[in-house]
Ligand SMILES: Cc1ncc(COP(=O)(O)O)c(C=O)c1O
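Below you'll find only one chain, the form predicted on its own, shown as structure tokens.
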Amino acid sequence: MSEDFFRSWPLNEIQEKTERYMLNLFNRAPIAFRFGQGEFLYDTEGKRYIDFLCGIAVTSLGHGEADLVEAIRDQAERIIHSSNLFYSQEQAQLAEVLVEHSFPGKVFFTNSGTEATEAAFKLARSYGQQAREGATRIISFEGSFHGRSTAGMCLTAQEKIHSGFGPLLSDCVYLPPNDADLLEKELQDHGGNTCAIFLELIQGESGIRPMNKDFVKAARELCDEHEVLLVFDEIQTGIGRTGKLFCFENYGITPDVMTLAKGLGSGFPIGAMVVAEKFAPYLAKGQHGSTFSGGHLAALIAYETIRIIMTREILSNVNALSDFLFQRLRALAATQPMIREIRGMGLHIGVEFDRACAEIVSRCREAGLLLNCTSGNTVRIMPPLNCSLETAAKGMDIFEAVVRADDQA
């Protein structure tokens, strides 16, 4: 291995090479991280940051978790990839634990959340063709985000995601969230040509907006009545983020299909689609597939992630920290009129401001706290699920100081 691999490049060199050789598709902050440990990330200059972003709800067990590191090293020494032309123990054990902790069904592994959405889209359309006399209509909701593939864009009810690509796939219908009467009318009028409803229980990209429990219950009942698939997008909310392993447990409603990714692999790319037993036959051999999906290493990391969450006090920690953070945020909001609303569940929290919040995020970053801004005026707070109370308190100290200073500016 070359000596250059071990050399820590200065930030300006990383920026120069990135701009020279990579497509300019991301708005990047002027930081490059060299390593992480627990709830902290360290940049190339050695500065430490409290990580309340987790790679956008991905590194849910923090950085450098010892059991994960050992499992990765052991698996990498044995086998990384062989393809889905063969059986895999790692896939089988991960599929088993996902089904055992969710609902009876089958699993298809992917490499990302967008690919999980794509698989669910194809399953829904196939179900419509085979069981619903060719139904193709799919309902999703305003403010949703389901990925950036062609199907993902079509399911996403945001013009900024659609813009610039010409005509999209047809028969995607967007309704306002939490309006059970309008959903009922839509299915009464078009239920015969509707094959699925795609629903985020908490809309992440539009500002951490939880769905009303009565609405979700009504959606379940309407799907049963009209024989329409209910698909829960748990790509951001799954794997412990909301205080349960899966967010649907908080609602007491079981979907027909669930998509997962982000926190599933603790930073290693993997996604999954879980399909209820009744609907599993609607994707047959040869109708869908992937070369890399559910590879030995990816599956082992995801299995170990779930094992750690379910065998330690991780979920109880999520709920305790959630109570603490919401208390601190509500106390701050009581003295800061610029805060309009605090929303979320577990450690999936949004703080909506009456102004653009990019500058707040930037100043927090300068002070050593990583957050991000979504929907223009909402700060997302997403610490690791195993974050300590001490670190959470330090992170809140920084956030509160920045917000108070902004109010006085």
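The numbering used is simple: start at 1 and walk along the sequence shown. The structure displayed is predicted, hence computed values, not measured ones.
There is another form of this protein, the form predicted in complex with the ligand, and it is not shown here; the text below is about that form.
Here is the short version: of Ile309, Ile235, Leu230, Ala299, the single residue with a heavy atom within 4.5 Å of the ligand in the model of the complex is Ile235. A single residue from the set Gln75, Ser88, Thr114, Gln336 has any heavy atom within 4.5 angstroms of the ligand in the model of the complex; that residue is Thr114. Among residues of the shown chain, Glu200 is one whose heavy atoms approach the ligand to within 4.5 Å in the model of the complex. Using a 4.5 Å cutoff between non-hydrogen atoms, Gly128 does not count as a contact of the ligand in the model of the complex. When contacts are judged by a 4.5 Å heavy atom cut-off, Gly147 counts as touching the ligand in the model of the complex. Contact annotation for Asp171: none of its heavy atoms lies within 4.5 Å of the ligand in the model of the complex. Stretch-level contact analysis of 245-253, 312-320, 76-84, 106-114 against the ligand in the model of the complex, using heavy atoms and a 4.5 Å limit, identifies 106-114.
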